[in-house]
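Okay, so here's just one chain, in structure tokens, the form predicted on its own.
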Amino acid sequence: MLATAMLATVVVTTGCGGDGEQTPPADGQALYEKPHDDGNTFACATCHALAEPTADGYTRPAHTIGEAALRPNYKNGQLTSFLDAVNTCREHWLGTTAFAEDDPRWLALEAYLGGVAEETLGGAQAAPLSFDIVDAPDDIMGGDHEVGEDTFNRTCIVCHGASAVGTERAPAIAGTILTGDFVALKIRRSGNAESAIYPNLTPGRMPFWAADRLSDGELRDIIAFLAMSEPVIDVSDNTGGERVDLSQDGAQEGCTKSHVLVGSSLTFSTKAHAVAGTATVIDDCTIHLDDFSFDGGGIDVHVFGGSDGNYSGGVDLTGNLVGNSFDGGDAVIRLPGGVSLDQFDGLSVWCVPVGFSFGDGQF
């Protein structure tokens, strides 16, 4: 029986002076089951069950980690440290920074998973784990949409919700506007495109599905289901005509042209959801987006201002863009009240819950 009720805690004192108060103890089980306080809406348990079959009946994208603390190596033998393996997940998927080796949260998580592994294996070493990151099949057609819905609701449901209606971890994709080829690419290759651990990934916070976690037949069935399902979100079409106002309520207007950034432009990189186009600072509180593209997808997507390419915790400049599709259209952003151009030097089309840039650039 797994030690799922085991609670590993590490208490940290506040230091010298004061009344001797202590910070709340780090809870190892909670750090496995719940999003980390400095990360996004993902948790370790989002992708990794402790063991299979699971109580909820779901198959998650990553392998089980109930024995991970006693494995001889990680990531197809590329890493020998459990901490390094956890930090790969922290940085690639949870949208935050690495644990230091003395971080109380890491010590608590290590103790909890170590206890689960000890109870599972009785102190024996776990076998090494290997997996294959594979390309999508050339032929993605021919799936069974009814089987595909059942498969989706056993796998993708963890993030995308029952029948693809969306959650705080992933967008609604029922009746998706995405092509089957793109869906297949994301299933097989989504992740940190700059990863030194996982080769040849396409940008995204979504975890890839290795060959032994989802078969090509299951992939085809899921694509057939998504193509046949009813849309959950109606997507508008802003392809031309008047410049669309993306500003928040109460935004500034009628500003002077005194700031050094006035007249500066940037070009958006394309990382996800077809983001492209340029942005130009028109005056001290107005930015124009020209030839702007965005497919309208995501969870809660805003244009954020940031500095030095960092948009986590940046300046929120717009309302939610989900449902607003642009294909070479134009838009205007007027800065919210109390916000100035001094607070940022770049823009990102930013998915807020998972902390991921769909495309960005600096002036």
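All residue numbers refer to positions in the sequence shown, first residue = 1. These numbers were taken from a predicted model, which means no experiment stands behind them.
What comes next is about the form predicted together with ligand HEC, which does not appear here.
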{"query": "Partner-facing stretch of 279 to 287, 248 to 256, 261 to 269, 168 to 176, counted where any non-hydrogen atom is within 4.5 angstroms of ligand HEC in the model of the complex", "finding": "168 to 176"}
{"query": "All of K75, L113 and L129 with a heavy atom within 4.5 Å of ligand HEC in the model of the complex", "finding": "yes"}
{"query": "In the model of the complex, the residue from G306, G39, P336, P61 that sits within 4.5 Å of ligand HEC by heavy atoms", "finding": "P61"}
{"query": "Contact residue in the model of the complex, from C44, L317, A331, L321 (heavy atom within 4.5 Å of ligand HEC)", "finding": "C44"}
{"query": "Residue contact check: L70 to ligand HEC in the model of the complex, 4.5 Å heavy atom", "finding": "no"}
{"query": "Contact of T155 with ligand HEC in the model of the complex (heavy atom, 4.5 Å)", "finding": "yes"}
{"query": "4.5 Å heavy atom contact, F292 to ligand HEC in the model of the complex", "finding": "no"}
{"query": "Ligand HEC contact in the model of the complex: T120, any heavy atom under 4.5 Å", "finding": "no"}
{"query": "Partner contacts in the model of the complex for 329 to 363 (non-hydrogen atom within 4.5 angstroms of ligand HEC)", "finding": "none"}
